[in-house]
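Coming up is one lone chain in structure tokens, specifically the form predicted on its own.
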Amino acid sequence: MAPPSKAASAAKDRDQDRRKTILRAAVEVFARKGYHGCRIADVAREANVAYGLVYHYFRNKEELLQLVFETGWGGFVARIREAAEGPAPLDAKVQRIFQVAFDGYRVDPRGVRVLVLEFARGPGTGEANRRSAFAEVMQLTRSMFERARLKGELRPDLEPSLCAAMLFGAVEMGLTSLVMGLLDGRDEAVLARAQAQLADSFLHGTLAREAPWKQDRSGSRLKTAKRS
């Protein structure tokens, strides 16, 4: 088979660039107006393209939301997998998962707003899509907690599946506090404190024993007192 011509390669690159531009515009519009409050015309205006061009690349607004989600969620799941399946102890894995979530907000706050408010909670996509999307990450973290229980890192009376649900409930509510403006997401100190507080609160209820994982403000490790 002959290699594609320069003209064909240029056309393919142009199509990919246009799709990315339209998807990024969709993120901006969904974040400002919400899924139900925006129209395809708003996305076209934000992307600075013709109205009909959006329909050339995407069937409808629902497909745009689904692809916005898949683009952001795929990278998040990959980083969660790296944390959950790595060799670190449970406390470090949990801290890393909170860091992944908050780093996502640091890099793309509007994208996180769309994921939290429009996909995870909104009716724009079906319940089956949401269940399928979240199943993989829940399985990853459930397995993480199962391995931790076998190694004696997790309290033996805790159910790993519930631990996974509790962990991502804490992640979701932390991010919701940011996207709803309950916390000032523009302030790095606020972000760092919120990330540390959520990890601290979760770990206190799940570790088999107090672990020397807490850090003071200078970053030095502090050994916590044993429970009585």
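The first residue of the sequence shown is number 1, and the count goes up from there. The shown structure was predicted, so the numbers you read here are calculated from the model rather than taken from an experiment.
Keep in mind that the form predicted in complex with the DNA is not shown, yet the notes after this line are about it.
- Listed stretches are 172 to 180, 192 to 200, 157 to 165, 60 to 68; the contact stretch with the DNA in the predicted complex is 60 to 68, by a heavy atom cutoff of 4.5 Å.
- In the predicted complex, the DNA lies farther than 4.5 Å from every heavy atom of Arg45.
- Among residues of the shown chain, Arg32 is not one whose heavy atoms approach the DNA to within 4.5 Å in the predicted complex.
- In the predicted complex, the DNA stays beyond 4.5 Å of every heavy atom belonging to Lys20.
- In sequence order, Val49, Ala50, Tyr51, Gly52, Leu53, Tyr55, His56, Tyr57, Asn60, Lys61 are the residues of 42 to 62 having a heavy atom within 4.5 Å of the DNA in the predicted complex; the partner itself is omitted from this view.
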